[in-house]
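Presented below, as structure tokens, is a lone chain in the form predicted alone.
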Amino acid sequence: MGIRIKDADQFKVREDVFDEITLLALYKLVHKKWLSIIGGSISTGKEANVFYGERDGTAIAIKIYRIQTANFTTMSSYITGDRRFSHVKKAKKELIFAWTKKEFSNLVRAMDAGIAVPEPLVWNRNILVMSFIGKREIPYPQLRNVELKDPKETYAQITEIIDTLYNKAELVHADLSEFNILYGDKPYLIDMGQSVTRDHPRALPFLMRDIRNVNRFFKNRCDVSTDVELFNAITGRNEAEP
């Protein structure tokens, strides 16, 4: 393929990740010089595996959505109602390709709004290549694994991110929690494949769920707004406290 496998003893080729479609997509990305080295696994999520990589000496992250084992039903529920992908066929393979494109598009929108996210570089089929969020081949830790020096300040930063995402990028993360916020010098949002546009029929319930997750994490670390206060402040609505 013309690509160097770094730390080959740690790099276990799994059939459910590196199937024929994925290998073809990798070949195209290598041929177009988007990546030159694939390293070890950074993370294994519900739908995808992320690998460390390099492009001409620059660190990158390579996210590969698993075509064989991804949860088709769950992914469908986030695609349905998104006008950007109303043309997508119901076939599993096509849905996963659309999901990869969707995450790329969502990252572009978030980055354009000034939110700290991995910079999306290119996508092909079920592979998304992004900038690497970390140092010396080690990704920044998830928020849940960080001893925060100033939880109140971090809470303010994250609630501002939710607000900016909603009002400037016109997106709702839809799966926000301490598992998909990385923390280095500041919070970074990751895993935006399921993120929906503000006009999605389930955008507001998803937003409320994001707020509840963030408040749940911080409530024993600092003072937090109520779920409804934060929801109203972000949306400009006037929902009553339950």
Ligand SMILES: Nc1ncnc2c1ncn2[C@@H]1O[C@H](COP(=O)(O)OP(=O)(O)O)[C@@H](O)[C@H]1O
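Position 1 is the first residue in the sequence shown; the rest follow in order. From a predicted model like this one, the values you see are computed outputs, not experimental measurements.
What comes next is about the form predicted in complex with the ligand, which does not appear here.
By the criterion of a heavy atom within 4.5 Å, residue 133 is counted among the residues contacting the ligand in the predicted complex.
Though the partner is left out of this view, residue 159 does not reach within 4.5 Å of the ligand in the predicted complex, counting heavy atoms only.
Taking the partner from elsewhere, residue 42 is found to have a heavy atom lying within 4.5 Å of the ligand in the predicted complex. When the ligand is considered in the predicted complex, residue 180 lines it closely, a heavy atom lying within 4.5 Å. Residues with any non-hydrogen atom within 4.5 angstroms of the ligand in the predicted complex fall in just one of 30-38, 196-204, 172-180, 211-219: 172-180.
Between the ligand and the residues 164, 124, 105, 142, the one pair within 4.5 Å by heavy atoms in the predicted complex involves 142. Of all the residues from 189-228, those having a non-hydrogen atom no more than 4.5 Å from the ligand in the predicted complex are 190, 191.
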